[in-house]
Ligand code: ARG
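Below you will find one chain, with nothing else, as structure tokens; this is the form predicted alone, and questions on how it binds or moves follow later.
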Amino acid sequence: MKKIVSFILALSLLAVCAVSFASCSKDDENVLKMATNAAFPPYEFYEGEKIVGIDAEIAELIAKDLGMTLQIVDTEFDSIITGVTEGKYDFGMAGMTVTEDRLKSVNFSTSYAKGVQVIIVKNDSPITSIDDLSADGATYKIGVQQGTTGDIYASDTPENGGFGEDRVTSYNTGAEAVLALTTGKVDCVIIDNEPAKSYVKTYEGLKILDTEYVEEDYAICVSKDNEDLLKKINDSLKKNTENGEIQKIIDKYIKADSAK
């Protein structure tokens, strides 16, 4: 009798576990996992313990259109594409620009916003324009965020419009690069315009040069094995661009940031 009771209990436990597993699997299937680097205001940054910003809100629109729950994972920028290709994340969204090198690993959505690479210097810096960085004999040290287009462009050879790897120091975040500028470890920082505005307001004695380095389009990276998700993301971006929702989000953050 004891053996029969034990057997029945075991079957009951297995049934409970099976139901729990099925429930968890269903929950996992309904989660849209986004990888970002939450140190890129106003596109993604922390407000308390929550990640907010332009990308976070646009991703919420996409998740809503797909009938899914958005989960944002904060990771190093340089590991986003690897995580997407390995299936750890459904997509990456972090003020990311389409480049030929990145296209070898992932697909990209249509563009949802534009970015501009700019140069941050100290107020008393002898660097007054991009030309000063590329002048004959120039040895100015340049700080960038690792893996970003600022890093890619600046590290390239002078023949290709860069300054050479020996003059560029990469940091895990834009904030670390700017901190290095304030302490004299680098002479300038090349970074996207909107985060640059936030950093200049945070750290005294800095300014953005009135000169643009590179203009670019931001897009969402998706695994090459997930064409279906890419199509759904593009459909959502198209819908929310046409109805003005994406522009509302961009205006909300960029206008508020400029007014501070």
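Residues carry their position along the shown sequence, with the first being 1. Only a predicted model underlies this, so the values are computations on that prediction, with no experimental measurement involved.
Although not depicted, the form predicted together with this ligand is the subject of the following passage.
In the predicted bound form, residue 107 stays away from this ligand, with no heavy atom inside 4.5 Å.
Heavy atoms of residue 97 reach within 4.5 Å of this ligand in the predicted bound form, making it an interface residue.
Contact annotation for residue 77: at least one heavy atom lies within 4.5 Å of this ligand in the predicted bound form. By the criterion of a heavy atom within 4.5 Å, residue 213 is excluded from the residues contacting this ligand in the predicted bound form. Heavy atoms of every residue among 44, 102 and 145 are located within 4.5 Å of this ligand in the predicted bound form. Heavy atoms within 4.5 Å of this ligand in the predicted bound form map, among the stretches 213 to 221, 200 to 208, 58 to 66, 227 to 235, onto 213 to 221 alone.
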